[in-house]
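A single chain, nothing else alongside it, follows as structure tokens in the form predicted alone.
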């Protein structure tokens, strides 16, 4: 496990480390052996902490396995945190309009040094609901919002973020090399929107576009999420343009400005 600073409470630090690990792990859950190996702790000590986190709702257990997944308490905390974010009040009507227009689930993410933190969502119509916890720092290279944010960074900054997140694989479609990511970013810079084609979860397709503050800096991105279908290139482009339009509207409502991207 990571070294605990003198000012930190060891047991709390280790518990938070496990929560962060599971949240960023496989959508199918992580086994005890995987978690213990990842943090370098004994199975008995890790199991005791995991059981405590499950008891308090921060993690949940699924079978067969058992395997550990994020619990409902994380969603509740994310929702509570989002309720106090001033960006929500501005973004929510725009998310609602885009959801009604597209029929998809719409999320808004804040830019956290190149990583997307989703702070609000509006579910699309129908019975399909996506497990989309709020307030969690997500991997940038496997989400449309994350890639839209990355496209607004310099190549040096993108390389730094790629090193930090490790470009881990979530599905067979995930980008796992910097060369592949850079090629994707170059395309995003040309068309103005990013896609997640089953890169974070099988069967899920997303389109995202960035929004900006009054200095022209990327504040974050909004994304439209739906079940993967055989979309034509024209349909994807039309959806991308729609998401860009509402992202630009959010920029306007925030009194921001979309600057011409410098050569990077």
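Residue numbers count along the first chain shown, from 1. Definition used throughout: the rigid core is the maximal C-alpha set that superposes within 1.5 Å between two forms. As the structure is a computational prediction, the values presented were derived from the model and not from experiment.
Absent from the display: the form predicted in complex with the DNA. The rest refers to it.
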Checking a candidate spot here: are 115, 165 and 176 all in contact with the DNA in the predicted complex (at least one heavy atom each within 4.5 Å)? no
By the heavy atom within 4.5 Å rule, which residue out of 31, 231, 227, 54 makes contact with the DNA in the predicted complex? 31
With the partner left out here, check for me: in the predicted complex, does some heavy atom of residue 235 sit within 4.5 Å of the DNA? no
Should residue 49 be counted as a contact of the DNA in the predicted complex, where contact means heavy atoms within 4.5 Å? yes
Residue 60 within 4.5 Å of the DNA in the predicted complex, heavy atoms: no
Report yes if any heavy atom of residue 11 sits within 4.5 Å of a heavy atom of the DNA in the predicted complex; otherwise report no. yes
Stretch in contact, per heavy atom within 4.5 angstroms of the DNA in the predicted complex, of 41-49, 235-243, 201-209, 219-227: 41-49
Which residues within 153-181 place at least one heavy atom within 4.5 Å of the DNA in the predicted complex? none
Please determine whether the C-alpha atom of residue 49 is displaced by 2 Å or more between the shown form and the other one following superposition on the rigid core. yes
Taking the rigid core as reference, does residue 254 move its C-alpha 2 Å or further between the shown form and the other one? no
